[in-house]
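The data below hold one chain only, encoded as C-alpha coordinates and taken in the form predicted on its own.
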(Lines give C-alpha, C1' and ligand atoms only; values in the text may rest on other atoms or scores of the structure.)
Protein backbone atom coordinates (compact mmCIF):
# COMPACT_ATOMS: atom_id res chain seq x y z
CA UNK A 1 0.00 0.00 0.00
CA UNK A 2 1.59 3.26 -1.15
CA UNK A 3 1.41 6.31 1.10
CA UNK A 4 3.09 9.64 0.51
CA UNK A 5 5.06 11.20 3.35
CA UNK A 6 3.38 14.38 4.56
CA UNK A 7 6.49 16.45 3.78
CA UNK A 8 6.70 14.99 0.27
CA UNK A 9 3.06 15.88 -0.24
CA UNK A 10 3.71 19.43 0.97
CA UNK A 11 6.65 19.80 -1.42
CA UNK A 12 4.49 18.47 -4.27
CA UNK A 13 1.78 21.03 -3.44
CA UNK A 14 4.32 23.86 -3.34
CA UNK A 15 5.79 22.83 -6.70
CA UNK A 16 2.31 22.65 -8.21
CA UNK A 17 1.21 26.00 -6.89
CA UNK A 18 4.38 27.79 -7.92
CA UNK A 19 4.10 27.04 -11.62
CA UNK A 20 7.82 27.70 -11.83
CA UNK A 21 11.10 27.18 -10.03
CA UNK A 22 11.33 26.83 -6.25
CA UNK A 23 14.75 27.04 -4.69
CA UNK A 24 15.95 24.35 -2.33
CA UNK A 25 16.84 27.10 0.11
CA UNK A 26 13.25 28.33 0.20
CA UNK A 27 11.97 24.79 0.75
CA UNK A 28 14.46 24.28 3.58
CA UNK A 29 13.44 27.51 5.26
CA UNK A 30 9.68 27.11 4.85
CA UNK A 31 9.59 23.44 5.84
CA UNK A 32 12.33 23.71 8.48
CA UNK A 33 14.26 20.75 7.09
CA UNK A 34 17.78 20.28 5.70
CA UNK A 35 18.82 20.35 2.04
CA UNK A 36 19.53 16.63 2.28
CA UNK A 37 15.97 16.04 3.49
CA UNK A 38 14.56 18.14 0.64
CA UNK A 39 16.56 16.12 -1.86
CA UNK A 40 15.33 12.86 -0.30
CA UNK A 41 11.70 13.91 -0.65
CA UNK A 42 12.28 15.10 -4.23
CA UNK A 43 13.77 11.69 -5.03
CA UNK A 44 10.80 9.86 -3.52
CA UNK A 45 8.49 11.90 -5.77
CA UNK A 46 10.64 11.14 -8.80
CA UNK A 47 10.48 7.43 -7.98
CA UNK A 48 6.69 7.67 -8.16
CA UNK A 49 6.97 9.09 -11.66
CA UNK A 50 6.86 12.85 -11.06
CA UNK A 51 9.13 14.68 -13.49
CA UNK A 52 10.96 17.24 -11.36
CA UNK A 53 13.76 19.17 -12.95
CA UNK A 54 16.52 20.94 -11.06
CA UNK A 55 19.01 23.61 -12.05
CA UNK A 56 21.78 25.40 -10.17
CA UNK A 57 20.70 28.82 -8.85
CA UNK A 58 17.10 28.14 -9.94
CA UNK A 59 15.88 25.22 -7.86
CA UNK A 60 13.22 22.63 -8.58
CA UNK A 61 10.39 22.63 -11.10
CA UNK A 62 7.53 20.14 -11.55
CA UNK A 63 7.17 19.43 -15.27
CA UNK A 64 4.86 16.39 -15.32
CA UNK A 65 2.85 14.12 -13.03
CA UNK A 66 2.45 10.36 -13.51
CA UNK A 67 -0.85 9.11 -14.91
CA UNK A 68 -1.36 6.89 -11.88
CA UNK A 69 -4.48 6.62 -9.67
CA UNK A 70 -2.54 7.77 -6.61
CA UNK A 71 -4.75 8.74 -3.64
CA UNK A 72 -3.51 12.33 -3.38
CA UNK A 73 -3.98 12.81 -7.13
CA UNK A 74 -7.56 11.49 -6.99
CA UNK A 75 -8.40 13.52 -3.88
CA UNK A 76 -7.47 16.74 -5.66
CA UNK A 77 -10.45 16.26 -8.01
CA UNK A 78 -13.01 14.91 -5.54
CA UNK A 79 -16.27 16.70 -4.77
CA UNK A 80 -17.63 13.95 -2.52
CA UNK A 81 -18.46 13.89 1.17
CA UNK A 82 -17.68 10.20 1.76
CA UNK A 83 -16.67 8.24 -1.32
CA UNK A 84 -12.92 8.27 -1.89
CA UNK A 85 -12.11 10.28 1.21
CA UNK A 86 -9.90 7.40 2.31
CA UNK A 87 -8.01 5.56 -0.42
CA UNK A 88 -5.42 2.81 -0.34
CA UNK A 89 -3.27 2.42 -3.44
CA UNK A 90 -1.51 -0.73 -4.60
CA UNK A 91 0.97 -0.74 -7.43
CA UNK A 92 0.12 -4.44 -7.89
CA UNK A 93 -2.79 -6.29 -6.30
CA UNK A 94 -4.15 -9.76 -6.81
CA UNK A 95 -7.56 -8.07 -7.01
CA UNK A 96 -8.94 -4.94 -5.37
CA UNK A 97 -12.22 -6.50 -4.17
CA UNK A 98 -10.71 -8.90 -1.60
CA UNK A 99 -8.67 -6.03 -0.14
CA UNK A 100 -11.77 -3.86 0.15
CA UNK A 101 -13.75 -6.75 1.65
CA UNK A 102 -11.06 -7.28 4.28
CA UNK A 103 -11.15 -3.56 5.06
CA UNK A 104 -14.95 -3.66 5.31
CA UNK A 105 -14.74 -6.57 7.77
CA UNK A 106 -12.33 -4.46 9.82
CA UNK A 107 -14.87 -1.63 10.03
CA UNK A 108 -13.58 0.60 7.24
CA UNK A 109 -15.81 3.63 6.86
CA UNK A 110 -18.31 3.88 4.05
CA UNK A 111 -16.59 5.30 1.01
CA UNK A 112 -13.22 3.64 1.67
CA UNK A 113 -11.59 2.74 -1.65
CA UNK A 114 -8.86 0.44 -2.88
CA UNK A 115 -7.26 1.30 -6.21
CA UNK A 116 -4.52 -0.51 -8.09
CA UNK A 117 -2.31 0.19 -11.07
CA UNK A 118 -2.33 -3.51 -11.95
CA UNK A 119 -4.23 -6.65 -10.93
CA UNK A 120 -2.69 -10.10 -11.17
CA UNK A 121 -6.02 -11.90 -10.88
CA UNK A 122 -8.65 -9.35 -11.81
CA UNK A 123 -12.06 -10.95 -12.09
CA UNK A 124 -15.61 -10.24 -13.11
CA UNK A 125 -18.88 -12.08 -12.56
CA UNK A 126 -18.76 -15.90 -12.50
CA UNK A 127 -15.05 -15.54 -11.67
CA UNK A 128 -14.21 -14.71 -15.26
CA UNK A 129 -10.74 -13.10 -15.59
CA UNK A 130 -10.57 -9.34 -16.14
CA UNK A 131 -7.63 -8.15 -18.23
CA UNK A 132 -5.75 -5.87 -15.80
CA UNK A 133 -2.40 -4.65 -17.19
CA UNK A 134 -0.42 -1.82 -15.55
CA UNK A 135 -0.34 1.82 -16.65
CA UNK A 136 -3.59 1.63 -18.61
CA UNK A 137 -6.87 1.30 -16.77
CA UNK A 138 -8.80 1.91 -13.57
CA UNK A 139 -9.28 -0.88 -11.03
CA UNK A 140 -11.24 0.43 -8.05
CA UNK A 141 -13.30 -1.08 -5.23
CA UNK A 142 -15.41 0.99 -2.87
CA UNK A 143 -16.94 -0.01 0.47
CA UNK A 144 -20.61 0.89 0.92
CA UNK A 145 -22.92 0.35 3.87
CA UNK A 146 -26.41 0.94 2.46
CA UNK A 147 -29.33 1.07 4.93
CA UNK A 148 -31.49 -1.14 2.72
CA UNK A 149 -33.08 -4.58 2.68
CA UNK A 150 -30.63 -7.25 1.49
CA UNK A 151 -32.96 -8.20 -1.36
CA UNK A 152 -32.27 -4.79 -2.93
CA UNK A 153 -28.48 -5.29 -3.03
CA UNK A 154 -28.30 -6.38 -6.71
CA UNK A 155 -29.59 -2.94 -7.71
CA UNK A 156 -26.24 -1.41 -6.73
CA UNK A 157 -24.74 -2.78 -9.95
CA UNK A 158 -27.25 -0.79 -11.99
CA UNK A 159 -26.57 2.42 -10.06
CA UNK A 160 -22.83 1.94 -10.51
CA UNK A 161 -23.30 1.22 -14.22
CA UNK A 162 -25.25 4.46 -14.69
CA UNK A 163 -22.58 6.41 -12.79
CA UNK A 164 -20.01 4.87 -15.13
CA UNK A 165 -21.92 5.95 -18.24
CA UNK A 166 -22.00 9.52 -16.94
CA UNK A 167 -18.29 9.46 -16.13
CA UNK A 168 -17.39 7.93 -19.50
CA UNK A 169 -19.41 10.53 -21.42
CA UNK A 170 -17.07 13.23 -20.16
CA UNK A 171 -14.22 11.53 -22.09
CA UNK A 172 -16.07 10.52 -25.25
CA UNK A 173 -17.26 12.32 -28.38
CA UNK A 174 -20.98 13.04 -28.56
CA UNK A 175 -21.28 10.51 -31.38
CA UNK A 176 -20.19 7.62 -29.12
CA UNK A 177 -22.95 5.11 -28.38
CA UNK A 178 -22.71 4.23 -24.68
CA UNK A 179 -24.94 1.52 -23.23
CA UNK A 180 -25.61 -0.50 -20.07
CA UNK A 181 -25.81 -4.26 -20.40
CA UNK A 182 -27.93 -5.53 -17.52
CA UNK A 183 -26.91 -6.10 -14.84
CA UNK A 184 -23.30 -4.92 -14.61
CA UNK A 185 -21.48 -4.00 -17.83
CA UNK A 186 -20.95 -0.83 -19.84
CA UNK A 187 -20.44 -0.86 -23.60
CA UNK A 188 -19.28 1.85 -25.99
CA UNK A 189 -19.90 1.44 -29.72
CA UNK A 190 -20.81 -2.21 -29.06
CA UNK A 191 -17.48 -2.93 -27.30
CA UNK A 192 -17.23 -3.71 -23.60
CA UNK A 193 -15.47 -0.90 -21.77
CA UNK A 194 -16.28 -1.57 -18.12
CA UNK A 195 -17.51 -4.24 -15.73
CA UNK A 196 -18.82 -4.21 -12.18
CA UNK A 197 -18.51 -6.89 -9.51
CA UNK A 198 -20.55 -6.44 -6.34
CA UNK A 199 -19.91 -8.60 -3.26
CA UNK A 200 -21.61 -8.24 0.09
CA UNK A 201 -22.30 -9.59 3.55
CA UNK A 202 -25.74 -9.37 5.12
CA UNK A 203 -28.22 -10.92 7.53
CA UNK A 204 -31.92 -11.48 6.96
CA UNK A 205 -32.84 -7.88 7.70
CA UNK A 206 -29.67 -5.82 7.33
CA UNK A 207 -26.65 -5.29 5.12
CA UNK A 208 -23.25 -5.32 6.80
CA UNK A 209 -21.40 -4.04 3.76
CA UNK A 210 -21.33 -4.07 -0.01
CA UNK A 211 -18.13 -3.81 -2.01
CA UNK A 212 -18.49 -2.47 -5.54
CA UNK A 213 -15.55 -3.40 -7.74
CA UNK A 214 -15.19 -1.47 -10.99
CA UNK A 215 -12.83 -2.11 -13.87
CA UNK A 216 -12.69 0.41 -16.71
CA UNK A 217 -10.64 0.18 -19.90
CA UNK A 218 -9.23 3.68 -20.14
CA UNK A 219 -6.00 3.81 -22.14
CA UNK A 220 -5.76 0.42 -23.80
CA UNK A 221 -4.81 0.60 -27.46
CA UNK A 222 -6.22 -1.83 -29.98
CA UNK A 223 -2.93 -3.75 -30.10
CA UNK A 224 -2.97 -4.13 -26.29
CA UNK A 225 -6.10 -6.29 -26.31
CA UNK A 226 -5.39 -10.02 -26.03
CA UNK A 227 -6.90 -12.29 -28.64
CA UNK A 228 -9.75 -13.61 -26.50
CA UNK A 229 -11.27 -10.13 -26.08
CA UNK A 230 -9.88 -8.32 -29.13
CA UNK A 231 -13.24 -8.46 -30.93
CA UNK A 232 -15.47 -7.72 -27.94
CA UNK A 233 -13.65 -5.09 -25.83
CA UNK A 234 -12.71 -1.46 -26.33
CA UNK A 235 -11.39 1.48 -24.30
CA UNK A 236 -12.11 5.17 -23.90
CA UNK A 237 -8.85 5.98 -25.68
CA UNK A 238 -9.70 3.72 -28.64
CA UNK A 239 -13.06 5.43 -29.04
CA UNK A 240 -12.14 8.96 -27.98
CA UNK A 241 -8.67 9.11 -29.51
CA UNK A 242 -6.88 10.69 -26.55
CA UNK A 243 -5.28 9.54 -23.31
CA UNK A 244 -7.50 9.57 -20.23
CA UNK A 245 -6.24 11.13 -17.00
CA UNK A 246 -6.70 8.17 -14.67
CA UNK A 247 -6.88 9.96 -11.29
CA UNK A 248 -9.24 12.56 -12.74
CA UNK A 249 -11.45 9.79 -14.17
CA UNK A 250 -11.50 7.95 -10.83
CA UNK A 251 -12.57 11.12 -9.03
CA UNK A 252 -15.15 11.89 -11.70
CA UNK A 253 -16.64 8.42 -11.31
CA UNK A 254 -16.91 8.80 -7.53
CA UNK A 255 -18.35 12.30 -7.94
CA UNK A 256 -21.12 10.84 -10.10
CA UNK A 257 -21.65 7.73 -7.98
CA UNK A 258 -22.04 9.36 -4.58
CA UNK A 259 -25.21 11.44 -5.14
CA UNK A 260 -26.79 8.61 -7.15
CA UNK A 261 -26.02 6.13 -4.39
CA UNK A 262 -27.46 8.39 -1.69
CA UNK A 263 -30.61 9.00 -3.78
CA UNK A 264 -31.02 5.25 -4.34
CA UNK A 265 -30.61 4.51 -0.63
CA UNK A 266 -33.31 7.07 0.11
CA UNK A 267 -35.81 6.55 -2.73
CA UNK A 268 -34.99 3.29 -4.48
CA UNK A 269 -34.45 2.61 -8.16
CA UNK A 270 -37.62 4.10 -9.64
CA UNK A 271 -36.22 7.54 -10.47
CA UNK A 272 -33.33 5.94 -12.39
CA UNK A 273 -35.50 3.67 -14.56
CA UNK A 274 -36.01 6.14 -17.44
CA UNK A 275 -32.23 6.59 -17.78
CA UNK A 276 -31.64 2.85 -17.47
CA UNK A 277 -34.19 2.21 -20.22
CA UNK A 278 -32.63 4.86 -22.44
CA UNK A 279 -29.14 3.45 -21.94
CA UNK A 280 -30.11 -0.22 -22.22
CA UNK A 281 -28.11 -2.38 -24.60
CA UNK A 282 -30.77 -5.12 -24.50
CA UNK A 283 -33.96 -3.17 -25.11
CA UNK A 284 -36.15 -4.91 -27.73
CA UNK A 285 -33.46 -7.50 -28.46
CA UNK A 286 -33.59 -11.26 -28.19
CA UNK A 287 -31.57 -12.40 -25.19
CA UNK A 288 -30.62 -15.64 -23.50
CA UNK A 289 -30.10 -15.52 -19.76
CA UNK A 290 -28.24 -18.29 -17.96
CA UNK A 291 -29.59 -18.48 -14.40
CA UNK A 292 -29.00 -20.90 -11.54
CA UNK A 293 -32.31 -22.55 -12.44
CA UNK A 294 -31.61 -22.84 -16.16
CA UNK A 295 -31.74 -20.81 -19.35
CA UNK A 296 -34.37 -18.16 -19.97
CA UNK A 297 -34.95 -16.65 -23.43
CA UNK A 298 -37.08 -13.82 -24.72
CA UNK A 299 -37.24 -10.21 -25.82
CA UNK A 300 -35.87 -7.78 -23.24
CA UNK A 301 -38.65 -5.25 -22.76
CA UNK A 302 -37.55 -3.30 -19.70
CA UNK A 303 -36.33 -3.21 -16.12
CA UNK A 304 -38.58 -3.41 -13.07
CA UNK A 305 -38.51 -1.01 -10.13
CA UNK A 306 -36.65 -3.63 -8.12
CA UNK A 307 -33.97 -4.13 -10.79
CA UNK A 308 -35.19 -7.25 -12.55
CA UNK A 309 -35.00 -7.75 -16.31
CA UNK A 310 -38.40 -8.17 -18.00
CA UNK A 311 -38.45 -10.86 -20.68
CA UNK A 312 -41.34 -11.37 -23.10
CA UNK A 313 -41.89 -14.64 -24.92
CA UNK A 314 -42.58 -13.62 -28.56
CA UNK A 315 -44.66 -16.78 -29.16
CA UNK A 316 -47.27 -16.23 -26.45
CA UNK A 317 -46.56 -12.72 -25.11
CA UNK A 318 -45.99 -14.21 -21.66
CA UNK A 319 -43.71 -12.03 -19.55
CA UNK A 320 -41.37 -13.07 -16.76
CA UNK A 321 -38.78 -11.27 -14.65
CA UNK A 322 -35.18 -12.40 -14.17
CA UNK A 323 -33.15 -10.99 -11.29
CA UNK A 324 -29.74 -12.53 -11.83
CA UNK A 325 -27.98 -14.21 -14.70
CA UNK A 326 -25.44 -14.12 -17.48
CA UNK A 327 -26.77 -12.56 -20.69
CA UNK A 328 -26.00 -13.19 -24.33
CA UNK A 329 -27.66 -11.11 -27.04
CA UNK A 330 -28.78 -11.82 -30.58
CA UNK A 331 -30.49 -9.43 -33.03
CA UNK A 332 -34.26 -9.49 -33.18
CA UNK A 333 -35.48 -11.08 -36.45
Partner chain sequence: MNVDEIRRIAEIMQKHELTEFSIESEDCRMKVRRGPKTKKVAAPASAMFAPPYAGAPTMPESNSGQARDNGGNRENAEADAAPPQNTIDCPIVGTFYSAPSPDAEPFVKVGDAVTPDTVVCIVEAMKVMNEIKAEKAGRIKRVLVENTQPVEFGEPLFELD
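These numbers were taken from a predicted model, which means no experiment stands behind them. Numbering follows the first chain given and starts at 1.
Heads up, the form predicted in complex with its partner chain isn't pictured, but that's what we're talking about next.
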Candidate stretches 141-149, 243-251, 79-87, 169-177 - the one whose heavy atoms come within 4.5 Å of its partner chain in the predicted complex: 141-149
Residue 158, heavy atom within 4.5 angstroms of its partner chain in the predicted complex: yes
Using a 4.5 Å heavy atom cut-off, state whether residue 268 contacts its partner chain in the predicted complex. yes
Evaluate residue 132 for contact with its partner chain in the predicted complex, applying a 4.5 angstroms cut-off between non-hydrogen atoms, and reply yes or no. no
Determine whether any heavy atom of residue 184 comes within 4.5 Å of a heavy atom of its partner chain in the predicted complex, and answer yes or no. yes
In sequence order, which positions of 166-205 have a non-hydrogen atom within 4.5 Å of its partner chain in the predicted complex? 182, 183, 184, 197, 198, 199, 200, 201, 202, 203, 204, 205
